[in-house]
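One chain comes next, on its own, written out as structure tokens in the form predicted on its own.
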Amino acid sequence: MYTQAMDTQGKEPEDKTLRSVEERALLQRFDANIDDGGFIEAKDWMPENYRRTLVRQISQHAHSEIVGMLPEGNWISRAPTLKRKAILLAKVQDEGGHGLYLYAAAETLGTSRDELLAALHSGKAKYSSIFNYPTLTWADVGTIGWLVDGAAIMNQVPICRCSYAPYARAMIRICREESFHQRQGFDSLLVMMQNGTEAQKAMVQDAVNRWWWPCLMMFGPPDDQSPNTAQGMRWGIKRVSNDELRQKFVDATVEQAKVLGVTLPDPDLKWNEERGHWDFGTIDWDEFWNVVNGNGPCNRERLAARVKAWEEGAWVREAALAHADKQAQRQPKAA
């Protein structure tokens, strides 16, 4: 899902830096550690391209969590029951927490949170394309839980083994919570499909029809069009390729759709006995790149909401800094 950052902002420039003898030794030690399946900590030496790739991926992941609060947050005041409202409040709060974990992980690489957010607000940094689609009905909330969070889990579980240890550690808790979100979304849809009116069932099918293809795009472009996947996998930042993750998601979701009683909107979807996988239709990559480049249904709305929140929250940040300064002044000076 959030490793779209590897593919949507161009190919990382090749590192042609002339290195000293000491740097070459450090690079050899780094490569050996990666080859052995080891982890890199924040204070360890690392190549500059490795650092830049991580900042780009982790920051995009963090931005996606924060922007991802908006489509569902839009429905908190309109949830159909108190129970569903409480569940949705908890989920949106979880997403905010995920963003904070990830911004903290990115900061360990030497980039401040202010820099990360400035890049988002200026449009320089990206977030997942999926969050630029509107939530038109209550069924969209359940469908996001089932499909969007399901795709997120498929992508994020391998990141728990990312070679950069602070990122990997953050992902362990995030994946546990995302797994709960996926089950909650599935349960919400199942209730509507089993106990709902015909209009509610039609609402669920309509939501699935609209979200299915954008969810398949979440994994990023095909492997042969992914400029940074090979290097990302070489460094252990990315563990599974885009196409492998997408296929795994389709295989799992087809069976879940049968339980729900919904139809996936792909006439080419059929079981391939020889491959042992489900074949699926052609993805509209023109739509994907159009959304990535800022021309999706909600791109401007989402970015404007984040900029507005940042500007209106300035007084909170200023007050927190003033309080911290006052507390520091009260501390006794060291002898």
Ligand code: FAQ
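The first residue of the shown sequence is 1; numbering continues from there. Being a predicted model, the structure only gives us computed values, none of them experimental.
There is another form of the same protein, the form predicted together with the named molecule; it is not shown, and what comes next is about it.
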{"item": "Shown-form site status with respect to the named molecule as positioned in the model of the complex after superposition (2.4 Å backbone/C-beta criterion, 3+ atoms)", "value": "blocked"}
{"item": "Option from 262-270, 27-35, 289-297, 40-48 whose residues, in the model of the complex, bring a heavy atom within 4.5 Å of the named molecule", "value": "289-297"}
{"item": "4.5 Å heavy atom contact, Y103 and the named molecule in the model of the complex", "value": "no"}
{"item": "Distance check, P166 to the named molecule in the model of the complex, heavy atom within 4.5 Å", "value": "no"}
{"item": "4.5 Å heavy atom contact, R302 to the named molecule in the model of the complex", "value": "no"}
{"item": "Contact of K91 with the named molecule in the model of the complex (heavy atom, 4.5 Å)", "value": "yes"}
{"item": "The named molecule in the model of the complex reached by all of I144, P221 and N242, non-hydrogen atom within 4.5 Å", "value": "yes"}
{"item": "Position in contact with the named molecule when the complex is considered in the model of the complex, options S188, N228, T253, T111, heavy atoms within 4.5 Å", "value": "N228"}
{"item": "Partner contacts for 173-204, taking the named molecule in the model of the complex and a 4.5 Å heavy atom cut-off", "value": "E178"}
